[in-house]
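Before any questions on binding or motion, here is one chain by itself as structure tokens, the form predicted alone.
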Amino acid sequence: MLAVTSGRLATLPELRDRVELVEAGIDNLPFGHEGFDAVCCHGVLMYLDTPREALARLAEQVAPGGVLSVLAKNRRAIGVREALTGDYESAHRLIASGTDRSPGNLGLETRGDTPEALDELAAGHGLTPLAWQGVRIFHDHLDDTWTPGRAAYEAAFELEWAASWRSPYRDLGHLVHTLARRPERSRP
């Protein structure tokens, strides 16, 4: 991913001098408490046993007025993708068991979170939760053979965007996107 991003940055002179790519795990972030305007953790928490320590480390990096953006597997939607693809036996097993784990896109078992639990963890580290979205609601089960024309793609995008903010639709998104803001420092 770093190589792909580096290649893309090379074609964007307006950005390449403003972006530093760093290879590090959540356990060994090399930043101290520098404070960033935006800290993103997308597609990572599902591979961890628990999000608690990771979110604590990430929250430390958020500057006053900054945001923490988390994109995680939606625990509420475990089994939905299987049902949409016609794997009813797996869908039934996952839904009836109430499990927080299921196979992910890479074939690995991944863990899901609820937006409320992620918001609670962020709030516990001094951040104010903002509205959350469901992601990949109606199109998650489609594979790479789905190649819509421009108009169909735009219509699908608009549908996903509209549904992403509204329950019950957002509750069925394969992913949840939560945001939390660190309050500005009070001025004397």
Ligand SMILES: C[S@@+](CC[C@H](N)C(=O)[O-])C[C@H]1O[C@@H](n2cnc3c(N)ncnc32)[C@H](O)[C@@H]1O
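Counting begins at 1, following the sequence as shown. As the structure is a prediction and not an experimental result, all values here were calculated from the model.
Same protein, other form: the form predicted in complex with the ligand, not shown, and the subject of what follows.
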Considering L48, V135, L142, A59, which brings a non-hydrogen atom within 4.5 Å of the ligand in the model of the complex?
L48
Option touching the ligand, based on a heavy atom within 4.5 Å in the model of the complex, out of V44, L130, L159, V67
V44
Although the ligand is absent from this view, report whether G25 comes within 4.5 Å of it in the model of the complex, heavy atoms only.
yes
Answer among 150-158, 59-67, 121-129, 35-43 for heavy atoms within 4.5 Å of the ligand in the model of the complex: the stretch 35-43
Heavy atom within 4.5 Å of the ligand in the model of the complex: which residues of 1-22 meet that condition, in order?
M1
